[in-house]
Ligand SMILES: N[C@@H](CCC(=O)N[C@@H](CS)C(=O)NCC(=O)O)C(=O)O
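What follows is a single chain, given as structure tokens, in the form predicted on its own.
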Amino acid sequence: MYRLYQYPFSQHSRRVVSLLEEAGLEYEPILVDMARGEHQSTSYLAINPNHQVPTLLDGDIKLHESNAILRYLCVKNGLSDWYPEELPARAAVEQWLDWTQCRLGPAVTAIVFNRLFAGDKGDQEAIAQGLEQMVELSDILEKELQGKIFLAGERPSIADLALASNLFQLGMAGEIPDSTNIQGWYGRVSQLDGYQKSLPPDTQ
């Protein structure tokens, strides 16, 4: 059985939970309460020195990065529906996983962390910069989704799960883009049972 160290208000944790639930993979969720600083504890740092979640344990294998965990689970369990083998679809999945992590993720974190979790220490300039970046990023995503059901085809992939986890995060700050294609795509991903099971308890 997999062991997943996670925190429900972490978008990176939720994308992994979404896949585990969608694929029906057996796992033990282990809460790392970041609100109480457990990710900085000596015991957790021995598991993940990056003081982040999620961390997946599979026997002797230990993985920290959420998108690496998604890929690992797909390859190990033959989840080609979620991580397609056809090169054009695989390339699209890889591109949007990286885009989500490298471009969208920092803007989302700047907005949500500073507005909701940093309290009085929230960096207002970082929020403003994140919102400015979201104008460009939302436009890129809106155009990409024109005429598409999901990012890599007619079926959802791990790229959709990763991106949707960030959109939910933006929603906590009231900043989900309201453009037509993004709203339609997000509505489709939001209906997935695994996605619903990944959400923090008070928001389901």
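Sequential numbering from 1, following the sequence displayed. Everything numeric here is computed off the predicted structure, so don't read it as measured data.
What comes next is about the form predicted together with the named molecule, which is not displayed.
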Within 4.5 Å of the named molecule in the predicted bound form by heavy atoms, the stretch out of 49-57, 137-145, 174-182, 150-158 is 49-57
Non-hydrogen atom contact E38 with the named molecule in the predicted bound form at 4.5 angstroms:
no
Report task. Please run the contact check for L170 against the named molecule in the predicted bound form: heavy atoms, 4.5 angstroms, yes or no? Result -> no
Query - is_contact(Q129, the named molecule) in the predicted bound form, heavy atom dist at most 4.5 Å - result: no
Residue-level contact is defined here as any heavy atom of the residue lying within 4.5 Å of the named molecule in the predicted bound form; does Q101 satisfy this criterion?
yes
Residues in 1-27 that come within 4.5 Å of the named molecule in the predicted bound form by at least one heavy atom, in order, are S10, Q11, H12
